[in-house]
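Okay, so here's just one chain, in structure tokens, the form predicted on its own.
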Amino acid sequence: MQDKAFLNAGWYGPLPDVAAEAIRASIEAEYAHGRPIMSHIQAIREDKEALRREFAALLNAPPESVALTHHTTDGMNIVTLGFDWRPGDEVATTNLEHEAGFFPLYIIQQRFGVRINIADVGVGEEPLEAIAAALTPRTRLLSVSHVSYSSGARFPLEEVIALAHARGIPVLVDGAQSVGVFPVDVTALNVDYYAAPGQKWLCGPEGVGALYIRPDRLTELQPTYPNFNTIQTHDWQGRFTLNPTAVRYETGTIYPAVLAGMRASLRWFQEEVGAEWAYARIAHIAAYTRRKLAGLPGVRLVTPEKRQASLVNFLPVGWSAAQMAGLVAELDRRGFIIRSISHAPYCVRVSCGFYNTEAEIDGLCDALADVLAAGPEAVSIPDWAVQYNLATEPVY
């Protein structure tokens, strides 16, 4: 962060010194003393137990209801694939979901004959009516983001959950763009399943996240990835009992250095940064970013103002999706790391973190104004954008 303005926490957050040091110490201990020794194995178990408790505290959840995952996508898959799906069952979602939410639904559609009902909520300004219309008597799950990664809209999750529960439908939430951005109280929300990342606003390393399963839902899902910790007791004739906690759903080994780094990041976020301060700072810097972008010629904001969280998504008017990728690459060269969204609603995204400053936003907007003034023909389209044929997307 001393070299560039890092404005892409919605993908990865910056790694703090304490996490890097914890990762380094874990790797050095493995290298010096070996891995398959009981003291090492016990230390890993203790780290995992502690990390479950720390994620549980962050989400206001009972520790036994939290499973460690490798990322948000892991959690979305564990829940989606854990249902006893039958042909004719239906699942509902929205048009603003990440692939982590969409693709598991595609798999159950192909594998089990499940019908997917997609609510077109526009950019998420008023999503309730469309979500309600996507729910039918055959809907067994609603899969939805807390904050849309593609439009930046924060869904009214309390109302969404109440709507689904009134029809007896459980709700799975993709929390990739919400955990670490504002307080998430899964108990107060009465949410059924909530998948969370570690590497974004919590500034942990990649390769670790968490999945909350409401205690009364623990026995309703089947484990999709059985491993050593899935089963509590068994015999050699196939009789077994499952682990009574959410640990039964964990997918296997998480690299010990990652566990150590995530614990360090979480403690740092909670104790040194201060979660409440971080939430307030993120809200402030996102609002500041929105105001600055709104004042630029050729910029149209995509994120609905009343649904603003930490993501500020905007459209450079007249630019194709491929050219937006080129704009992002040019801003990267100038020291500002953001990203583009290469599918509908086709936009550019600024992810605001508690560590960002007003001066960085000012610098971003100055650089953006300069690039926009030169026009889309002045940027170089990255190879990956051409490869995926984004250059043929219609301009706005």
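Everything quoted here is computed from the prediction, not taken from an experiment. Just count from 1 along the sequence shown to find any residue number.
One more form of this protein, predicted together with a small molecule, exists but is not displayed; see below.
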### Query
in the predicted complex, do 152, 154 and 289 all put a heavy atom within 4.5 Å of the small molecule?
no
### Partner contact for residue 186 in the predicted complex: the small molecule, 4.5 angstroms, heavy atom
no
#### Entry: Distance check, residue 131 to the small molecule in the predicted complex, heavy atom within 4.5 Å
no
### Task
Look up in the predicted complex whether residue 140 has a non-hydrogen atom within 4.5 angstroms of the small molecule, and give yes or no.
no
### Query
Can residue 13 be called a contact residue for the small molecule in the predicted complex at 4.5 Å between heavy atoms?
no
### Query
100, 285, 172, 321: which sits within 4.5 Å of the small molecule in the predicted complex by any heavy atom?
100
#### Entry: Heavy atom within 4.5 Å of the small molecule in the predicted complex - residue from 245, 308, 73, 229
73
### Summary
TL;DR on 217-225, 259-267, 114-122, 191-199: the one with heavy atoms within 4.5 Å of the small molecule in the predicted complex is 191-199
